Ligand SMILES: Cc1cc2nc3c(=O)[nH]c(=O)nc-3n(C[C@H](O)[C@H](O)[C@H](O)COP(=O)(O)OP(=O)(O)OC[C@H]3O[C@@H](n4cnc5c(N)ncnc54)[C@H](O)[C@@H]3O)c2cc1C
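This document starts with one chain, in the form predicted alone, laid out as structure tokens.
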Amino acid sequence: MEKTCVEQKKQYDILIIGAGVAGLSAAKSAYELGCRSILVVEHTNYLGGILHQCAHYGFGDGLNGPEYIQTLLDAFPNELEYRLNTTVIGIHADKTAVLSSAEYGVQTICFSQLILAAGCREIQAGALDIAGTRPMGVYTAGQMQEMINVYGILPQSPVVILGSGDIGLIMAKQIAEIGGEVALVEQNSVLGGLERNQWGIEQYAIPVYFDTTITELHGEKHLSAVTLGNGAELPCKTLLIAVGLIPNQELLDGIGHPDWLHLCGNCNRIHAMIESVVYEGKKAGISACEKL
């Protein structure tokens, strides 16, 4: 006979999936309202999420990503329980979740309220209608951001970035700053992203190919060039895909949106400003506490 949560003694008032800005904000707000039975689960080996790789400034009061995260960690209650390197395998309608980690193995826990703060993922090159082989040298913009800012790995020039949203603009400026040759390809007639991220394009005279996209990749083992929809061919050793983000909601398949579920951060909707992520995380923590 399967053990109940009470028998397993793995029972929490609030389970929070994701320890980025939204998850940390949700946990802190719930704690401040008096909730102590909280478990924060994070699949990486650190708290703070994606901002660890964001070396650019513009978070909070003129901070870069790691500096901003440190302010959240400094205010994070020491008593709150969290688990790193832990993957949530599944969430079930009976308010159970299956967790997997090297330290604890596979466990089933119970919760009363669930806060999903799992962030988002980038659209990959394989999801796009681009002909050619799949040579080395093709990354998402976020992957390259992590390679540069966390691991010190620089891209091979020339670099072409498909998409001019915020992450595309940020990476174009950073690559130009370190001396790389970079160009942007944008399917619309204007740049996307926040105005504060657009100024670097003009400052570094980064060429932008508007009203077109990339239709073909060239190269066998390694990328050598790309063809645009207008027929132009650009030399390219590194292609960065920056065409959009998708909220991570796969864990909700089959359970819908019950009243014990609270979404916040980029897994709920894609946010342009970090302040709105913090606000939504705090709101989720308050809502979860109110329903206990």
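Remember, it's a predicted structure, so these values are computed and weren't measured experimentally. Note that residue numbering follows the sequence shown and begins at 1.
There is also a form predicted together with the ligand; it is not shown, and the following applies to it.
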query: Segment assignment from 220-228, 233-241, 263-271, 26-34: heavy atom within 4.5 Å of the ligand in the predicted complex; finding: 263-271
query: Any non-hydrogen atom of residue 164 within 4.5 angstroms of the ligand in the predicted complex; finding: no
query: Any non-hydrogen atom of residue 118 within 4.5 angstroms of the ligand in the predicted complex; finding: yes
query: In the predicted complex, residue 70 touching the ligand (heavy atom, 4.5 Å); finding: no
query: Contact label in the predicted complex: residue 86 to the ligand, heavy atom within 4.5 Å; finding: yes
query: Triplet 14, 82 and 291 all within 4.5 Å of the ligand in the predicted complex via a heavy atom; finding: no
query: The ligand in the predicted complex - contacting residues of 41-56, heavy atom within 4.5 Å; finding: 41, 42, 43, 44, 48, 49, 50, 51, 54, 56
